[in-house]
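Just one chain is shown here, as structure tokens, and it is the form predicted alone.
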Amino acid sequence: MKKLLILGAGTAGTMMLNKLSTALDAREWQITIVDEFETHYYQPGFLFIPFGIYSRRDVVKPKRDFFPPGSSVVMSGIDRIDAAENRVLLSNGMVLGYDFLIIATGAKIRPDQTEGLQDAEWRKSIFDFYTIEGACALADFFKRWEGGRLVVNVAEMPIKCPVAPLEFVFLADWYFTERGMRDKVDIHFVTPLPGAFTKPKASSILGDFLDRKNIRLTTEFAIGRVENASKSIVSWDEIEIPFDVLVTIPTNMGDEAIERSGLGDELHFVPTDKHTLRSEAHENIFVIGDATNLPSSKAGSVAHFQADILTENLLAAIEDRPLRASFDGHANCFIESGFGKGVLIDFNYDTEPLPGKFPLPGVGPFSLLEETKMNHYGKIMFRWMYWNFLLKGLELPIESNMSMAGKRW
């Protein structure tokens, strides 16, 4: 019997398990998924926890709830991938061989990569919201906070969900306005990018939002260290920005097992063909989601679009056919702008976000590059879609590659 091994049971790995359990003949293929943790987190929901919109229970479910019946599951950490021998060595001592391997080990924050970030003020006046622990700690802090300088800093790119830091400052503006203390809170968004976002068109629009909401913007800030005693972040060229509360989006890196395996770049992301999703180094290894080094967003929507492409190409590789399915970098993001409204952007490797209607041309119901209540509802509804459709590998009425239908140049 041939063996397909999936490393990682997050969003991307779980989708692939579900899709391939249907696509491959169980009499010929054994599919095994490996992950260290039993709990699945709806990571887009972490954004809402500091503002009391979601709680911990809204973003947590058992991973096994989303595995097909009879799935072969190994709960263990990964020591390393021995690609030369087509095997994976696990932390529990097991060795798993494979004919084909899918790497879906994701990305995680690494606050240890910034000097001083995890020192005396960590989880006292310095918080993250990219982990469940950080988001919950920040929620508790905000309930008691009486105001001051709130600095939101992106350490470096790439990061998971690139719009989330902007959404955070928009929601903070709304939250403190509702509490009647917005005049006591100075919100400052500090980014290494030359603008508010990675795409110039969207960056211009989102930058206007920052101006309207009286949120300060500092661009091209490369953080070098955090001074805990003086409560300030300092760039490599010694520009200093003081804070009373620092919300950090630390450096994002791939799994350490990728480094130990010699398969990653300097951030432990796997060099991957940006169209076929095949490893650049090994023909029987494919990579999906945040584990890749692709110039696309590290977001759940991207993993969803990649999953269809990867399924088609993996089946082609198994049958020794050319890999004809091509991923175009498609990303689709709802952006919370506060006060019950949101913005929707849809783009790929080559095409900037454009105005128009989505997903039905001329109908919507969502509007691209416009702030609407319906876009906010789309963001909120997505959690239900995630649990009930996305993770289970079910088809959604959105094409994997970006469509120009309904868009206006």
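No experiment lies behind these values; they were computed from the predicted model shown. Note that residue numbering follows the sequence shown and begins at 1.
This next part talks about the form predicted together with a small molecule, which is not shown.
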item	value
Among the candidates 257, 314, 102, 190, the residue which, in the model of the complex, approaches the small molecule to within 4.5 Å (heavy atoms)	257
Listed residue that, although the small molecule is not shown, lies within 4.5 Å of it in the model of the complex (heavy atoms), from 301, 261, 203, 279	301
Candidate site 13, 44 and 160: all three near the small molecule in the model of the complex by heavy atom within 4.5 Å	yes
Contact flag, residue 37 vs the small molecule in the model of the complex, heavy atom cut 4.5 Å	yes
Contact of residue 77 with the small molecule in the model of the complex (heavy atom, 4.5 Å)	yes
Residue 164, heavy atom within 4.5 angstroms of the small molecule in the model of the complex	yes
Partner proximity in the model of the complex: residue 179 to the small molecule, non-hydrogen atom cutoff 4.5 Å	no
Stretch in contact in the model of the complex with the small molecule, which is absent here, among 284-292, 316-324, 270-278, 115-123 (heavy atoms within 4.5 Å)	284-292
